[in-house]
Every structure is written in structure tokens, then in C-alpha cells.
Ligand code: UDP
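In the block that follows, a single chain appears as C-alpha cells, in the form predicted alone.
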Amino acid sequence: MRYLITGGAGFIGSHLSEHLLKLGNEVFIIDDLSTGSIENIEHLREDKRFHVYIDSITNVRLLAEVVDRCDTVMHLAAAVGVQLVIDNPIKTIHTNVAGTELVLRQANKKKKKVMIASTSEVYGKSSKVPFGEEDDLVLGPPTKGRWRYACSKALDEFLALAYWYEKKLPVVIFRLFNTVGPRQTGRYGMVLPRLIKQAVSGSPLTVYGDGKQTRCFTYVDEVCNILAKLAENEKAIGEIYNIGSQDEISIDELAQKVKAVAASNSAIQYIPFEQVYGKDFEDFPRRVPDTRKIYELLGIRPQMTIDEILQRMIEFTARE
């Protein structure tokens, strides 16, 4: 199979490229390096089945050419990270919505399958835990900057399914829950790589808020395995799937575990959210996926424990 990965030089995109190549596929990527990095894919560039285009997906001529050469599009290109969303609201909305529309439009010309990356953030302030794919999306007001990203990704989902319903373009939507692993950066607000880098360097571990908020962390290799199988399954077309672990942990407990696994003497500092992201910031107390739907389809779910994840990520960070 031939795959196009938009955002292929990013954290998840680079790991997905590696995984698909190992399975014997040919992989094309488009990435403008706004949040991705050449270093993420440097080890893959000698593979003749790996093709890199350093450009934006808004380059319609290039996008059309590469989509035409591929069987399936993995659309991962997006504005990501809480800090980026807060600092660059126009870029966030335009990148996510306009970029997705361009990909869908080009794929529709020859009905190429499109896998759309979405996010647990679309569930918003829903208090119904765990989050199921058919649950209501409860978003906050436009005056709260946090909701720009969630709203733009929800619109991506509506647009993708509109192409399926109206034009029969084969689309699959997957909502990711806190995917983590080597090569992930804490630069845009991702909590785990930030804590690990601080622990390894001996700096204070910064926990935003009171640390009681909980998340479920999933190792990137397991996510890539699920995505590859999902792309091959025709029953997935026109559907939405949660992808993530159901092992819930508070950020405070996470910081304590990072300290222990890294054998760090760093102190833990608690910083109010408004000090980091501004007075209008809202956070979610819990974010847990209901994964029954994808398990019923594929018969697999993430298995790696948080302790195993931390061990791998800390070893990687210590070698950098």
C-alpha cells in the first residue's frame, strides 16, 4: 500500500511513518515543519520507499499530485498543543479547518480513503465519563480560548462525515487520547515530556493547577499499530473511534512517578493555570475514553502501563 501522511515529520507522524514502512508499505509525507522536525525522520530518509515533501498542505498542486499517487491519506497535519492554541488562535482554526477541507477535496477526486486525526478535546466539558463516540460534545463559549482547538477539530469531523454521506468519500475518524513517547516535545504544552525533561535535567517539575486533573496516556507505538489495522478495515469507513488507554492517573501522581522512575531529586511546583495560559483558561477534570467500539472491531487495545511508558521515555530523554 502507498500512504500519504500529512504532518509526517511530527511526533505521531514520524512514528507512523516508521511503523508503516516496517509493514512493507510505501510512505509519502508532507510537512511544513511548523511543529514537526527533520530530526524526527532523519533515520528513515535512506529508505527508497520513503518520500519527503517539505511544504504546506495548502500547496494544492503538490497535495493533488501526492494524493493521486497514494491509496490512503493519514491526515495528521494540525495546529497542536495548548500553548500554540492560546498564542495563535487564527493559525489554529485556519490550519485545522482549511487544511482538512483541502485534503478531503483532493481525495474525493479519485475517492481515496482518508483517515482523519481528531482529539479527545472535542468532548469538551462533558461530565459523562468514560467518553463514548456517540456522546454529546459539550464545548465552552467562544470567549474562552481553550475551545478554539476543540471546535475546529469537531468541525473537521463534521466536514469529513459530510463528504462520506454526500459524496461517498471513504473516511475514518479517530480521536486520540494523550498519545506519548520518544520524540515528543513539551514545547507546546504537552505535560509528560515537559515533566520528564525537568526531572532528567534536575529542574523543578511544574504541575499546572492542583494536579488533581486526570488523564490516560497511550504509548505511540501502540497507537500506530491500531491506526495501521484501522486503515485496512473496510468496516471502519464512515465511523468515529476513540484510541487510548483507560488507565487513569492524576497529574500530581504522574509527577511523583516521573521523579521516582528518573531517580530525580527535583521539587514539584504547582503553578495556577491562569499564570501559564491566562485568566480565561479552562481545563477538564477527567478525560477517559470508552474503547469498546474499536476493541469490538479490531480485538486489540493498548497494553503498556504508565510505568513502562515512563521508563522508555526517560531513557530516551537521558540519551539526548
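All residue numbers are counted from 1 along the displayed sequence. Predicted model only: the values in this text are computed from it and were never measured.
Note that the form predicted together with the named molecule isn't included here; everything after this is about it.
Student: Can you say which of 137-145, 190-198, 238-246, 86-94 gets within 4.5 Å of the named molecule in the model of the complex, counting heavy atoms only?
Tutor: In short, 190-198.
Student: How about D283: is it within 4.5 Å of the named molecule in the model of the complex, going by heavy atoms?
Tutor: D283 belongs to the contact set for the named molecule.
Student: Using a 4.5 angstroms cut-off on non-hydrogen atoms, would V82 count as touching the named molecule in the model of the complex?
Tutor: Yes.
Student: My question is simply whether F28 lines the interface with the named molecule in the model of the complex - judged by any non-hydrogen atom within 4.5 Å.
Tutor: No.
Student: Could you tell me if V261 has a non-hydrogen atom within 4.5 Å of the named molecule in the model of the complex?
Tutor: Close contact is absent here: in the model of the complex, V261 is far from the named molecule, nothing within 4.5 Å, heavy atoms only.
Student: With the named molecule left out of view, choose which of S126, Q106, T72, N178 has a non-hydrogen atom within 4.5 angstroms of it in the model of the complex.
Tutor: Looking at the other structure, the residue within range turns out to be N178.
Student: Which of L44, I251, V52, V288 has a heavy atom within 4.5 Å of the named molecule in the model of the complex?
Tutor: Checked against the cut-off, the match is I251.
Student: Would all three of Y208, R215 and F273 be in contact with the named molecule in the model of the complex, where contact means some heavy atom lies within 4.5 Å?
Tutor: Yes, each of Y208, R215 and F273 comes within 4.5 Å of the named molecule in the model of the complex.
Student: Scan 120-141 and write down, in order along the chain, each residue with a heavy atom lying within 4.5 Å of the named molecule in the model of the complex.
Tutor: Sequence-ordered list has one entry, E121.
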